[in-house]
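As a starting point, one isolated chain is supplied in structure tokens, in the form predicted alone.
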């Protein structure tokens, strides 16, 4: 008997990221968007004792569902927070080593995990498209022990050379590049999550490495959507589709407005433990 499941590319990204999160850890996220939704989904279903800090300085809020679209400057955003400080304070906490993970979205990313959230196009003064900028992402990527990046699997996002470096990964890939730039030792990007793949970074070369693919995709499908060729894990695994429980929580409790989870629709048919792609909308101009 076969079953058909339909979800958006962003729902897949959020669910995959949420499954990586750990209890008793402190996460640093932006004021809104997929990273925050992934944290809230994980707290709702898997890791109730996970704690997070928002880049405006709110520490460990107990956000009531449905979550506000943006967690900033509102009573809902700071509900029962341990503290409501400022951006400098939480950045200092990260610099002192108190924050385990940063979770961020990226417009472009290169093979060393450096990423862009500012603009794409030929020049800063006259870009093809301008985005909201990094906000606190530079500090999060610079100071947290590990950083998780979330983006869509598209060739225009996985690039040989960034149009602009908003936030650092492993810079030029040399072993001490981050330390030479004045960043804390033993920090840097840890995972990159897309709807089709999960990557980590090789400890020696600092290059991006393919760890796993979606059950409806192949390694070649992933590589076709990258300008550079990543390293390969000894065994490339397969990660799970979004579960019905995860999708129900996302759509009814965490983001019922659909503002963050919207994206390209993917329809997958599962039969005898195998999944194959039935239909996928063409890539658009989502950030």
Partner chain sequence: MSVLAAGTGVFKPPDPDGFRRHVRDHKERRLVSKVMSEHEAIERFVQDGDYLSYDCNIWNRGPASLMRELIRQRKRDLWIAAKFTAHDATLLVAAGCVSRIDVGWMEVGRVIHEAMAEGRVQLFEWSNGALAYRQLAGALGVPFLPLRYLGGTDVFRTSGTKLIEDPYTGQAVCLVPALNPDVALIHVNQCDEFGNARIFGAGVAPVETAMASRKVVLSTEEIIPNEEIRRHPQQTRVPYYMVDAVVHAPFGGYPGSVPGLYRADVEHLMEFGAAQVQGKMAEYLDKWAFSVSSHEEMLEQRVGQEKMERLRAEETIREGYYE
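Numbering follows the first chain given and starts at 1. What you see is a predicted model, and the numbers here were worked out from it, not measured in a lab.
We do not show the form predicted together with its partner chain, though everything after this point is about it.
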Which of 197-205, 213-221, 103-111, 130-138 lines the interface with its partner chain in the predicted bound form (heavy atom within 4.5 Å): 130-138
Contact at 9, 37 and 98 by its partner chain in the predicted bound form, all three, heavy atom at most 4.5 Å: no
In the predicted bound form, residue 31 touching its partner chain (heavy atom, 4.5 Å): yes
Contact flag, residue 151 vs its partner chain in the predicted bound form, heavy atom cut 4.5 Å: no
4.5 angstroms heavy atom contact with its partner chain in the predicted bound form for residue 42: no
Residue contact check: residue 61 to its partner chain in the predicted bound form, 4.5 Å heavy atom: no
Sequence-ordered residues of 79-110 touching its partner chain in the predicted bound form, heavy atom within 4.5 Å: 79, 80, 84, 85, 86, 87, 88, 91, 92
